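Only one chain is given next, in structure tokens, and it is the form predicted alone.
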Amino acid sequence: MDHQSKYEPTNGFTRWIDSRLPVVRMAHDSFIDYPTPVNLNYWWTFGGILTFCLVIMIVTGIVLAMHYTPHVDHAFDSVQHIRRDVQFGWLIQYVHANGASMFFLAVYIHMFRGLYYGSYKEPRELLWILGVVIFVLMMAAAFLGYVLPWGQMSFWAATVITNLFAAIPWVGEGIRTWLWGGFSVDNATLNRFFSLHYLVPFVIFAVVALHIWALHVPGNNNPKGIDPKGNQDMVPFHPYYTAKDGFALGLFLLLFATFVFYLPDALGHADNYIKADPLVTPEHIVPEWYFLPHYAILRAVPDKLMGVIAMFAAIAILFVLPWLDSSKVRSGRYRPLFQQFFILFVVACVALGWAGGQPAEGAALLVSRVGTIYYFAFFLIILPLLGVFETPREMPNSIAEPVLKKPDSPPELEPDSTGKPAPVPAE
């Protein structure tokens, strides 16, 4: 969304910088004076929360890399060394480990908000696609990082997930061998995963910059899903939304701190505090909680290759979502049928998360299969058909209309012979 810059350099140095490299002007126009819809609610604060999480993960990751030893004989012990011997190492490690969970919690909320309010629709298709790219890179970074402590669950999760690539015809064996760096999960694997885990967050940071750039071209979507009309629909980003985002971030940090200081190991698996042993297989191999829905989809399909395809398709389908939803109405506020199907979709995703953490049998397997069917049906059947059969509610003409609309005024009275309005007759 183009808007005229109001930045004015305040001294000779800032004028000199602005005439050669206008980074201060760009920051001012993008994060201070940027026109933003007046009606954004707290679901829109998770973009800033995610940026904060990314910075925290990069900073703590760099510090941890200074003390971590990427070798199968020393990796597990180096993590314990960080926790026990490095000054404030326990804090840095807990922040990094729990930060991954907070990162995914925020990104899932961010994505569900985008789904409900239609933030993937024209003209924001590329914005959504870049968001999905960030999500995929986050999953890659999280998986790579999960292997690094070299506990039992780390080792066997790496073994199970990398073996999935072998199911791909023709190229699968070669991909698995390249990931391993040999013929089993071993020291070469750990070195590769450490290098990639260190690299991927910086790639995420670059894509986030593109994501913000793509956001600033069409501007923010809003809960009503209609384009702003005039200045009455817009306010500067600062101080209105910096204050709102700051308050939401403060609440989020309370949750974050609760896990770091009181429940630091609650989101981990007990078996991962046992050093990796290739000769002892855990009774139940479970990935981190944010992978459980996809793990449930993988196990819901009896055939290994088809399960792998379904798992990757569950992510790939998000890339084409803007063209699957045929409705012209963006916001779910004005789509009564969509609201009901969307609630069922959220329930299905949560149910898949539960099923992914259970043994693949009985009720958990049934829930996995029903949830998988509904997941794909929501994108491939429900959204295309809703645009044809759903009757949306009446939408306002502008964002500020309900606020600025005045009550009906009494009719104007005809003037009398003196030129003054005639008195209102008594009822």
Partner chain sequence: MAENTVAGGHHDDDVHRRDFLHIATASLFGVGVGAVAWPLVMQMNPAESVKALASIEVDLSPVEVGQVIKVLWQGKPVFIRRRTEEQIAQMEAVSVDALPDPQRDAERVQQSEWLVALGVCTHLGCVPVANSGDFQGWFCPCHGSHYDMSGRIRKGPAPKNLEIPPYQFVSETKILIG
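Keep in mind that this is a model prediction, so the values were computed, not measured. Residue numbers count along the first chain shown, from 1.
Just so it is clear, the following notes concern the form predicted in complex with its partner chain, a form of the same protein that is not shown.
Item to check | Candidate from Pro218, Gly357, Pro282, Gly172 lying within 4.5 Å of its partner chain in the predicted complex - any heavy atom | outcome: Selected residue: Pro282.
Item to check | Any non-hydrogen atom of Phe183 within 4.5 angstroms of its partner chain in the predicted complex | outcome: Taking the distances in the predicted complex, the answer for Phe183 is yes, it comes within 4.5 Å of its partner chain.
Checklist entry - According to a 4.5 angstroms non-hydrogen atom cut-off, is Pro302 in contact with its partner chain in the predicted complex? => result Yes, Pro302 is a contact residue.
Checklist entry - Given that the partner is absent here, does Ile297 sit within 4.5 Å of its partner chain in the predicted complex, heavy atoms only? => result Flag for Ile297 set to no.
Checklist entry - Is there a heavy atom of Ile129 no more than 4.5 Å from a heavy atom of its partner chain in the predicted complex? => result No, Ile129 sits far enough from its partner chain in the predicted complex that none of its heavy atoms falls within 4.5 Å.
Item to check | Every residue of Pro223, Leu321 and Arg335 near its partner chain in the predicted complex, heavy atom within 4.5 Å | outcome: No: none of Pro223, Leu321 and Arg335 comes within 4.5 Å of its partner chain in the predicted complex.
Checklist entry - Can you pick the stretch from 129-137, 327-335, 283-291, 115-123 whose heavy atoms fall within 4.5 Å of its partner chain in the predicted complex? => result Single hit among the candidates: 283-291.
Checklist entry - Using a 4.5 Å cut-off on heavy atoms, what residues in 88-115 are near its partner chain in the predicted complex? => result The stretch 88-115, when checked against its partner chain in the predicted complex, contributes no residue at the 4.5 Å heavy-atom cut-off.
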